[in-house]
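Listed next as structure tokens is one chain, alone, in the form predicted alone.
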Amino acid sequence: MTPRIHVPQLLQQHARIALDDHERHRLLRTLRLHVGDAIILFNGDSGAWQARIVETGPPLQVELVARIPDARDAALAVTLILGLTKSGAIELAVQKAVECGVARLIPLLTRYGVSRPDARQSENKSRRLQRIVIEAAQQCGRTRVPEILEPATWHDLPGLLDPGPRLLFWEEAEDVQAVRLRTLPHPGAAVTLLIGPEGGLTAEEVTHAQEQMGFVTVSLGPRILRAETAAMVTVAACQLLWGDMG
């Protein structure tokens, strides 16, 4: 599989791009590539481009050869709101959601989730999650890098939501309001999904989401899933029913 690399630079034919030391090490030391070998670059705006290594440097330089037709970004725009969980869980959830085709990610501070990190921790966590998003997009062949926002509160959330159906997946919905995903109508071009943290959402939070933001409560069945598992399952299920996985 040809290595794929996300870069911030403008991409156009015959342009030369210098890659950072991290990618240089990966290409030369890990993958053992040489001058003349092919890679693929994308920046999230200009599609995917075939390139070839022209200098090993440092810095390693590549030259763009031709734009590649691409259809790997999902037609269904899924926004995933995920109750902020401990680092390992949210990192796995973010990685797998990107692979399943999510378009936008919003970490949410909830009552039973982790506490708001201090400024330094928040900055480090944001950089780490952004890197995970980019690496997941590289791995699965996407040309657009999903947007991941800073952690939001319930107060912030209404101003961050896009138009379209809003679905809240709650482990207690099976007993209270057993709406199933397969019974819902096609959402059109976009859908917003909300998953709670490890400790779940409170009944008050669910009611707030329903009454103030128009979320429909949906059940994932009788088994209680971990937060990271629920995130993967819900995005994949939506892509299977309404997107490009079916």
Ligand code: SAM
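Computed from a prediction, not measured in an experiment: that's the story for all the values here. Numbering starts at 1 and follows the sequence shown.
There is also a form predicted together with the named molecule; it is not shown, and the following applies to it.
- Using a 4.5 angstroms limit between non-hydrogen atoms, Ser219 touches the named molecule in the predicted complex.
- With a 4.5 Å cutoff on heavy atoms, Ala227 counts as touching the named molecule in the predicted complex.
- Taking the partner from elsewhere, Glu171 is found to have a heavy atom lying within 4.5 Å of the named molecule in the predicted complex.
- For the chain shown alone, His14 is not a contact residue for the named molecule in the predicted complex, no non-hydrogen atom being within 4.5 angstroms.
- Out of the listed residues Val62, Leu41, Ala209, Leu201, Leu201 is the one that sits within 4.5 Å of the named molecule in the predicted complex by at least one heavy atom.
- With the partner left out here, the named molecule still marks one of 22-30, 192-200, 41-49, 54-62 in the predicted complex; by a 4.5 Å heavy atom cut-off that stretch is 192-200.
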